[in-house]
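Before any questions on binding or motion, here is one chain by itself as structure tokens, the form predicted on its own.
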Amino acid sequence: MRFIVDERVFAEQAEQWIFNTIQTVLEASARCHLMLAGGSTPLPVYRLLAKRGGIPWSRISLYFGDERCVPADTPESNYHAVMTNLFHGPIPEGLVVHRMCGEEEPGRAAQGYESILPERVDILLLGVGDDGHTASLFPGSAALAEEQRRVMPVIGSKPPLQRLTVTPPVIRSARRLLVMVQGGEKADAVRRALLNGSVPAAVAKDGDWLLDRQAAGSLPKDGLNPE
């Protein structure tokens, strides 16, 4: 499903989708396995989630779709950015957070994270870069063709170059998937992902896509679902 929304309500719509989907998962399961996206687009969404009451954090396990190979307390760390926006104080009691250990040797860190992933993620959140990457699956990366490994060390397109990322099987197997994209500079990447599959983000094309009007600017009007 594709949803086109005004930029002013983008974060609110994404936060509502996440909240509603957590509730749906927990109606049927004892625990929700939620994999978070890094980057700048989700941060306002996480700040809204931080203000939301009624989220049973004690029944949620958090995972990360990718990470830069830096210490966890540095600004470049996805873990650092996400956690400082999602929780302004102590981590809620009972919440389980599985971070990618970017400070470790990349191959060992990837294997360690792979070993703790659930068989299927309940909710997976992703963004898209202007080059069409998602998670840290960049154009031309060998990880795009991976079908056995679930987490791999990769090289990004800008510093810090060394990254860890989940692979396409993790994305394709997610029970519920939301791709969040904002900005006209990403319009061509959105078009290529959804219409001809020529960028890495196409691996997530069957999920729900929440786009602001600028990001959706290169898509045909037919078949879209305006909000």
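Sequential numbering from 1, following the sequence displayed. Keep in mind the model is a prediction, meaning the values are calculated, not measured.
As for the form predicted in complex with 6-phosphogluconic acid (6PG), it is not shown, yet the points below apply to it.
- The stretch among 167 to 175, 50 to 58, 37 to 45, 198 to 206 whose residues place heavy atoms within 4.5 Å of 6-phosphogluconic acid (6PG) in the predicted bound form is 37 to 45.
- Taking the partner from elsewhere, every residue among Asn78, Ala135 and Lys158 has a non-hydrogen atom within 4.5 angstroms of 6-phosphogluconic acid (6PG) in the predicted bound form.
- 6-phosphogluconic acid (6PG) is not drawn, but in the predicted bound form it has a heavy atom within 4.5 Å of Gly129.
- Looking at Arg68, you'd find a heavy atom of it within 4.5 angstroms of 6-phosphogluconic acid (6PG) in the predicted bound form.
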